[in-house]
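For reference, the chain that follows is the form predicted on its own, supplied as C-alpha cells.
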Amino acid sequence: MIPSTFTYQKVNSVEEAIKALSSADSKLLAGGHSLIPTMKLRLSQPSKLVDIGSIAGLRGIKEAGAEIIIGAVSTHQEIASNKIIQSKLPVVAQGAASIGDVQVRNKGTIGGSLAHADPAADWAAVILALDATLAVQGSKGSRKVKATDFFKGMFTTALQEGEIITAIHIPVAAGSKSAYVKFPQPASRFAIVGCAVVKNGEGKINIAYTGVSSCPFRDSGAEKVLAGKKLDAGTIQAASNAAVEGMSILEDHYASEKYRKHLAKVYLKRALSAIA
C-alpha cells in the first residue's frame, strides 16, 4: 500500500495548473479520494501530482441568472450544506449528502469525482438528470461540454489531454421537482444502483442512472413512456417496466445482472413516486 515515487507541485491558478500538466504522466490532485487509493495500489503511477485544491477561482457556489454555478473543487459537504443549493436544487444537496462518509464528503470534490468517472459514483446521475454543463479549460482555451456528452465509458470522459474541469453549470427551472435514490454498497457507499429524476415546470421528466452500466446514462426509453403523460401509479409502473431495457448491465460480486436490473426498476419507481 505504498505509492511509487512522484513529485508534488501546488499551484495557485488554473493557468499554472495547465502548464504543470504539460509534463508527462502528471495528475491533478483536488480532494484525492479517488486518486490516492489507486496510487497506493499502484494502479495509477503518476510521476507528478499537481495540487489544485487551493485555487480560489475553482471554489464557491453562486447563482447567475437562471443557473447555479458550482466551482469544481467545491467539496461534497460544501455543496450539501449550501443554502442556495438546498433551496433551488435540492436533488444536488441530496446527492452530495449521500456520498461516502463524513471524511469523504469533507475532502472529496465534485470536479474530481466527475473527472474520475467511476461508473458507480453519485454525481453523474444527478448532473445528467439536471441537463448540466461542465466548463473545462486547457492549453487551447475554454469550452463547455454537456453532461450528456461528457461520459464516454468506464473511467473515460470527454476531457482532452491537459484539460481541467473548472465549474459545473446547472439550470434552474421554476416549478421543478427532483429526487435521487440509491442502493448503496454498505462499505464504500458507492451506488450499486443510483437513480436521479427531474421533472421541470412543463412536466418533462429526465431519468438518469449510475452504477447500472459501465457508463452513467440517461434512460431515454423510460423517459419516452412518461412523455406527455400525468405522473400517476399507472405511468410510474409503466416507466419502471421499461427502465434500463436494452442496456448492458454490470455484473459483479455485489449484484448479478438480473438483480441489478431489478434494482434499477425498483429505484426508478421510488424516485418517481417521490416527485409525483
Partner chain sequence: MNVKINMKVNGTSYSHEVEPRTLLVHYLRDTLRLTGTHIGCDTSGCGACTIHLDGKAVKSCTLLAVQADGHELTTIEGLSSNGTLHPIQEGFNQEHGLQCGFCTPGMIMTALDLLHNNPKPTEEEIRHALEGNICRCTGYHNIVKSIQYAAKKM
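Numbering follows the first chain given and starts at 1. This structure is a prediction, so every number in the text was calculated from the model and none was measured.
The same protein has a further form, the form predicted together with its partner chain, not shown here; the description that follows concerns it.
Checked against its partner chain in the model of the complex, the residues E251, D51, E223, E67 give one hit for a heavy atom within 4.5 Å, which is D51. Out of the listed residues K146, R189, R143, K88, R189 is the one that sits within 4.5 Å of its partner chain in the model of the complex by at least one heavy atom. Stretch 29-37 is the answer when you ask which of 204-212, 227-235, 29-37, 241-249 has residues with heavy atoms within 4.5 Å of its partner chain in the model of the complex.
Heavy atoms of Q103 reach within 4.5 Å of its partner chain in the model of the complex, making it an interface residue.
Under a 4.5 angstroms non-hydrogen atom cutoff, its partner chain in the model of the complex has K107 among its neighbouring residues. Shown alone here, K10 lies within 4.5 Å of its partner chain in the model of the complex, counting heavy atoms only. For K62, no non-hydrogen atom is located within 4.5 Å of its partner chain in the model of the complex, even though that partner is not displayed.
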